[in-house]
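Encoded as structure tokens, the following chain is the form predicted on its own, with no partner shown.
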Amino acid sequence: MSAEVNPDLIVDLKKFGVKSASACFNCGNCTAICSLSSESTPFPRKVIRYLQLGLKDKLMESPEPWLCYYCGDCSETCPRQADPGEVMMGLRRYLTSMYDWTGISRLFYTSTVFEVFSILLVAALVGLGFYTFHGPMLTDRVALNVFAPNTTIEILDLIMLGVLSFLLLTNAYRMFRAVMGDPAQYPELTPFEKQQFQNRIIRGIPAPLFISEAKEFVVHFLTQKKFIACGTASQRMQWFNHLLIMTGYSTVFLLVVVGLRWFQRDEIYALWHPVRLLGYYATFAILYGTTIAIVGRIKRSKTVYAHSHSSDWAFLVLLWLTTFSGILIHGTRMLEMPLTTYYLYVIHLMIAVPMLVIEVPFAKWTHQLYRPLIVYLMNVKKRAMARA
């Protein structure tokens, strides 16, 4: 089957951080050394060859960039210093922009000016909203739910959750269509199967196959367990830091967006209350994990930290500042400092909301969904192709 060639693809990819792919001469060393590469999904060599040849459609269909966790082994041993690990990272940025039907991801990844402006704009809108609509600022006690009623914030949170979920899931569906390919490629159902499944066919695959593999999606989403297979103790520690950030982020997201009425209360819970313990875990996990990642990038202590895209910094810094400002709010509440608490709360949301609005559907946070989704879809595809 013929494939359309885009001669400008490798030039376009440079905007996403893919700067050394042309140095690769396809020796295959990176694929041989990668502990996650397999016969059915060999990488990085295959996708690097695709981008060198300008095969955009082939890249869109490729799951391999999402199966790479960037341990750095391939870049450390590349005889041409083509930095295949960073190429895979750049491809993930590019693919994220291609799945995004709004075009915002592309702007975010290719323009630092747009990235900074969008963060500042959302922050300014949050600040303006509080300046215009905040409740009474009681000074005889800390009354956060008078200044910013949790019922109102909860409604706004749920609206935001709905919008972000719509954007993220519609982009994920575009990924699904790309990597699952043409429905005609799958073996035709027998007459008995057609009668059994009737209308329960999703792009050529019986719906029960999607249901039977759902457990794998949940497991990989919660653990990112393929990352553990990267090998050395240093790389396993990298997985641990990644897991801390992911679980801490997910925990605080659920507390703030779904469980706000229990999380944001004027009375302070007892030390061993489950909500307070979850908040402490999320705080520690995010602060520790992001600090390690930020220090690593400043020192360039590992191959994976040698190159840092502005979007990497934006995610880490916004997440760190969100967590740190949350700690300050908790401290001023404990010390009964009303006005300081209110002002810090506004600053906290001026950091947190841009992070959520930008990162969840358009930037770094998408990895948290796309990686386990790809593992899940590849398992479904494998079973569908084997069905006969």
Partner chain sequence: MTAEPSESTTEEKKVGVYICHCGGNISDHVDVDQLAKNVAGIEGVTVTHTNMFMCSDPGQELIQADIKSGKINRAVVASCAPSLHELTFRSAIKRANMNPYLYEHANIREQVSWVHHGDTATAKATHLVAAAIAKAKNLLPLEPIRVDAVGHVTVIGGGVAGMRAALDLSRRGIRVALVEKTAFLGGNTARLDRLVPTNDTGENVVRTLGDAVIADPGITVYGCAQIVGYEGYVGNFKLTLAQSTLKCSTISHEAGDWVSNTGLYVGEAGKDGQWVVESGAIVFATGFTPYRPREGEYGYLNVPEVVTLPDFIQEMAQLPAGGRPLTIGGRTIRRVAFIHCVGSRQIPGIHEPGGDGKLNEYCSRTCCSAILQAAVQIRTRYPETRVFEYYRDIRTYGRGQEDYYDRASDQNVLFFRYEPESPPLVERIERRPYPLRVRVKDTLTFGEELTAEVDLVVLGVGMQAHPIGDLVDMMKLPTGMDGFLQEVHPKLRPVEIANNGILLAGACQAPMDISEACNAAQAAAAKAATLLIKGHVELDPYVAQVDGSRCTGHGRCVEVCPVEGAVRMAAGKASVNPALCTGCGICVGECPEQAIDVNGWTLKQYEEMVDAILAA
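Quick caveat: nothing in here was measured; it's all calculated off a predicted structure. Residue numbers count along the first chain shown, from 1.
Same protein, other form: the form predicted in complex with its partner chain, not shown, and the subject of what follows.
Visitor: Just give me the single entry in Ser38, Gln52, Asn29, Thr340 that has a non-hydrogen atom within 4.5 angstroms of its partner chain in the predicted complex.
Guide: If I apply the 4.5 Å criterion carefully, the residue I get is Gln52.
Visitor: At 4.5 angstroms, heavy atoms only, are Val5, Lys14 and Lys46 all close to its partner chain in the predicted complex?
Guide: Every residue of the spot touches its partner chain in the predicted complex.
Visitor: Out of the stretches listed (52 to 60, 325 to 333, 352 to 360, 65 to 73), which one is close to its partner chain in the predicted complex, meaning heavy atoms within 4.5 Å?
Guide: It is 52 to 60 that comes within 4.5 Å of the partner.
Visitor: Arg80 near its partner chain in the predicted complex, any heavy atom under 4.5 Å?
Guide: Output for Arg80 is yes: heavy atoms within 4.5 Å of its partner chain.
Visitor: Taking its partner chain as it sits in the predicted complex, which residues of 19 to 37 have a non-hydrogen atom within 4.5 Å of it? Please list them.
Guide: If the 4.5 Å heavy-atom criterion is applied to its partner chain in the predicted complex, 19 to 37 yields Ser22, Ala23, Phe25, Asn26.
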